[in-house]
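A single chain comes next, written as structure tokens; it is the form predicted alone.
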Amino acid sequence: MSTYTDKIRETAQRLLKECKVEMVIGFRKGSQPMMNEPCVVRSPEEVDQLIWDSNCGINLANYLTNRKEKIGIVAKGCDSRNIVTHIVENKIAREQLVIIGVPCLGMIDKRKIAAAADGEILSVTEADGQVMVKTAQATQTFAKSDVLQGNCSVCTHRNPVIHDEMIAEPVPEQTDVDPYADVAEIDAMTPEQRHAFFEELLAPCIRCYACRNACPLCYCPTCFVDESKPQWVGKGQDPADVRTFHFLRAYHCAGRCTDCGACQRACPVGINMRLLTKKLNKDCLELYGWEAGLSTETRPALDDYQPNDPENFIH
């Protein structure tokens, strides 16, 4: 990962020196282990802040919406697909961007490591597919594959789909994973079982909206949960309001979600709300052959009518 960091710094410095961009959006070391922060550098002297490791899980496309500057942005596979969506949805112009592509082998799940670590985590490092966790009591080593974020373990687009510069050679894509195995398990449930499953899944929600705020697709000027004329959903902890928020937000992401995991990563209580958007991703793929963010030339499935579109929902 140090070679990634060196190459990102070198590329960012060159772009800024040559005035090809006004800023570069990347990551810097966070104040807590496994919590790297988004970082904007505007001069060649600042690029030493930039880093890259397996704690760069935040989707940086979230910081592009409606920007007017010429921007360099560090993008792994899922970030790049969200950048494509931003371009398609006219939230930023392609010519404003210099995309610095990063082949990605997955981000580590801080909750998995925190649950397995013996004591307070002081530092986390990685090398050769191993993650070393230092606490006051001991140093523990985990296989990176065992502590990956759920979305990363089933990712089939680990390389950027769009880029202007690449900091390394592409990594092999995963072809032996089923991204929708967990969705199939829920589909196989009875309606009663499914209702109970989602009741339990969403019960911890505290309505903090961290999932919405972290999502690069949630850029409406006024979110439906904040509308008051009319008010679509209550602000309290009524289970119906909680379900309405999560289900409606998922539908707003239908055909757009890249399963970047930003929502689940940001959730303070660890709700796997990715299951909702993954179901819609699965339906878009099976009904329309559509995966979000793969091309700037093709309109999204729910934004483009074709005469042969499935119409099984019409009776």
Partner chain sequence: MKVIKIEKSQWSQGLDNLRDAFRLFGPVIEKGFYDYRELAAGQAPDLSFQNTRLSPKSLVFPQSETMLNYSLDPADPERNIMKEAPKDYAPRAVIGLRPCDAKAMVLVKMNFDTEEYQDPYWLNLYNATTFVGLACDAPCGTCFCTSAGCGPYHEEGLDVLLTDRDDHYLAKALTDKGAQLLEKAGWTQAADADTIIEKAKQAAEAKVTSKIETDGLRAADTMALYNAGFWDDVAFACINCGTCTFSCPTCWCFDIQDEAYRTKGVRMRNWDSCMFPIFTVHTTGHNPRDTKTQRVRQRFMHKLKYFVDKYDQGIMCVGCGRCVRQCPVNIDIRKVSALMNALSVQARCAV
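Bear in mind the structure is a predicted one, so any value in this text is a computation, not a measurement. Numbering follows the first chain given and starts at 1.
Same protein, other form: the form predicted in complex with the partner chain, not shown, and the subject of what follows.
- Contact with the partner chain in the predicted bound form, judged by any heavy atom within 4.5 Å, is made by just one of 172, 129, 230, 236: 236.
- Contact annotation: of the candidates 206, 177, 93, 168, the single residue with a non-hydrogen atom within 4.5 angstroms of the partner chain in the predicted bound form is 206.
- Heavy atoms of residue 285 never reach within 4.5 Å of the partner chain in the predicted bound form, leaving it off the interface.
- Remark: residue 214 counts among the residues lining the partner chain in the predicted bound form, judged by a heavy atom distance of 4.5 Å or less.
- In the predicted bound form, the partner chain sits beyond 4.5 Å of every heavy atom of residue 51.
- Among heavy atoms of residue 226, some come within 4.5 Å of the partner chain in the predicted bound form.
- Residues of just one listed stretch (143-151, 206-214, 158-166, 101-109) have heavy atoms within 4.5 Å of the partner chain in the predicted bound form: 206-214.
- Looking at the partner chain in the predicted bound form, residues 28, 36 and 266 each place a heavy atom within 4.5 Å of it.
- Although the partner chain is not shown here, in the predicted bound form the stretch 54-72 places heavy atoms of 58, 62, 63, 67 within 4.5 Å of it, in sequence order.
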